[in-house]
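Before any questions on how it binds or moves, here is one chain, the form predicted alone, in structure tokens.
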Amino acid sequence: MPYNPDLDRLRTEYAARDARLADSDRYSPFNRANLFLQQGRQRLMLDLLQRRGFAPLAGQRILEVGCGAGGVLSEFLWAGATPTLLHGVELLPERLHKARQQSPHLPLTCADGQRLPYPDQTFDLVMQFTVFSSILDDGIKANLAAEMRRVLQPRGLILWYDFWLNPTNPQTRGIRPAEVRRLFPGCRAEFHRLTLAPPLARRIVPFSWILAALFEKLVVFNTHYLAVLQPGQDACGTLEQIIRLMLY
């Protein structure tokens, strides 16, 4: 695959980000705002997986593309995933090293997501958390999406969590549902807008957890989408899907 400068930009940006946040508790579970955001995502994620028949997680073959330091993989271990079937792929060796330190028993691989080192139709569940919004090159995003589809079982599920807007960070580009559908054509997609804007959550949560929950319920201040995509059916939804979108 030809050289692409966007990959070097990603490496530089993540190294700078890790250095900048090295002594910060911003993403610690002891940070109440971060805990609030994390728990909201977890509740909806587990609900969606259960409604799609992916509970319990034990025995499911799972892959996270762009697993970083392993935070999401740890959440799936907590939720009951089988360690030997819980895979992670990460482009940046430094981040993967942290994941291996945290979860040395997991099968983790340093690889470019555009060339996943797995046979076709290997996994029941393939997921990405805030990876695509960090990629500015449309070709890389298309290649990554195609690889996620390739390694997914025909009756499998793609779990997507990413933001649609982040105006303060020029190193990212938000992704809206229409673009996700273009990246995964022929998939049935169900989107839920959640996650109170983190700068707002950091101000409100220390004052009142209940008030933050009310703001998040309004949806208008939410910056991310959590989505499930399944191959084989278009996203022009059923009545059930329309109702769910209205409720969330």
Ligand SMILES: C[S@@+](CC[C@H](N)C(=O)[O-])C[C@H]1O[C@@H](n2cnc3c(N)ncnc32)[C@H](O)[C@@H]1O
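One rule holds for the numbers: they count along the sequence shown, beginning at 1. None of the values given here were measured: they were computed from a predicted structure.
Although not depicted, the form predicted in complex with the named molecule is the subject of the following passage.
Student: Which pick from T82, Q121, S74, S134 sits with a heavy atom within 4.5 Å of the named molecule in the predicted bound form?
Tutor: Selected residue: S134.
Student: Check I158 for me: does it contact the named molecule in the predicted bound form (non-hydrogen atoms, 4.5 angstroms)?
Tutor: No, no contact at 4.5 Å.
Student: Indicate whether the named molecule has at least one heavy atom within 4.5 Å of a heavy atom of L106 in the predicted bound form.
Tutor: The answer is no: L106 has no heavy atom within 4.5 Å of the named molecule.
Student: Does the 4.5 Å heavy atom contact test between L92 and the named molecule in the predicted bound form come out positive?
Tutor: Yes.
Student: Is there any non-hydrogen atom of L196 lying within 4.5 Å of the named molecule in the predicted bound form?
Tutor: Taking the distances in the predicted bound form, the answer for L196 is no, it never comes within 4.5 Å of the named molecule.
Student: Which one, 60-68, 208-216, 28-36, 181-189, holds residues whose non-hydrogen atoms are within 4.5 Å of the named molecule in the predicted bound form?
Tutor: Stretch with heavy atoms near the partner: 60-68.
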